[in-house]
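Shown below, as structure tokens, is a lone chain in the form predicted alone; questions about how it binds or moves come after it.
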């Protein structure tokens, strides 16, 4: 997936300024697709040139114009084309896994695993709170929200798996001391 597709997904839900898109990335999409504010603005300009989005400038009393972006018909067609293409399996890129392979210092690995475990627990709590707040009754989810719900469920399952992995690493390291 390219950042363009993540932006098209977001704009298909609601038109937004570059700033609003960056905030959406920070709050939701960013949990599984990272992009800096600078990247988003750069890609929006390119997408505008391609005709996938259009921008509408509004005056802001002496300050720079505020641009609101929306998806165009060609952008919607590109999003459809992309969603109809098979997804490649995600490749795991993990510094932690490489550290485990190069296992040298148990104390450092234990500290890293403990920090990661806490981070994944916080992430899981955030996802579960979002699930309770936005999808209290999964049986009643509208088709328009089904994809967002399933993406959230994927995040929950990934966080649970990472928690289990960190706990297993710590259990193994703790059994080594005995």
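This is a predicted model, so every value here is computed, not measured. Numbering follows the first chain given and starts at 1.
The following text describes the form predicted together with another copy of the chain, which does not appear among the structures shown.
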| query | From the list 34, 60, 46, 132, which entry has a heavy atom within 4.5 Å of another copy of the chain in the model of the complex? | reply | 34
| query | Is the gap between residue 136 and another copy of the chain in the model of the complex 4.5 Å or less for some heavy atom pair? | reply | no
| said: My question is simply whether residue 21 lines the interface with another copy of the chain in the model of the complex - judged by any non-hydrogen atom within 4.5 Å. | reply: no
| 4.5 angstroms heavy atom contact with another copy of the chain in the model of the complex for residue 112 | yes
| Does another copy of the chain get within 4.5 angstroms of any non-hydrogen atom of residue 151 in the model of the complex? | yes
| task | Scan 84-100 and write down, in order along the chain, each residue with a heavy atom lying within 4.5 Å of another copy of the chain in the model of the complex. | result | 84, 85, 86, 87, 90, 91, 92, 93, 94, 95, 96, 97, 98, 99, 100
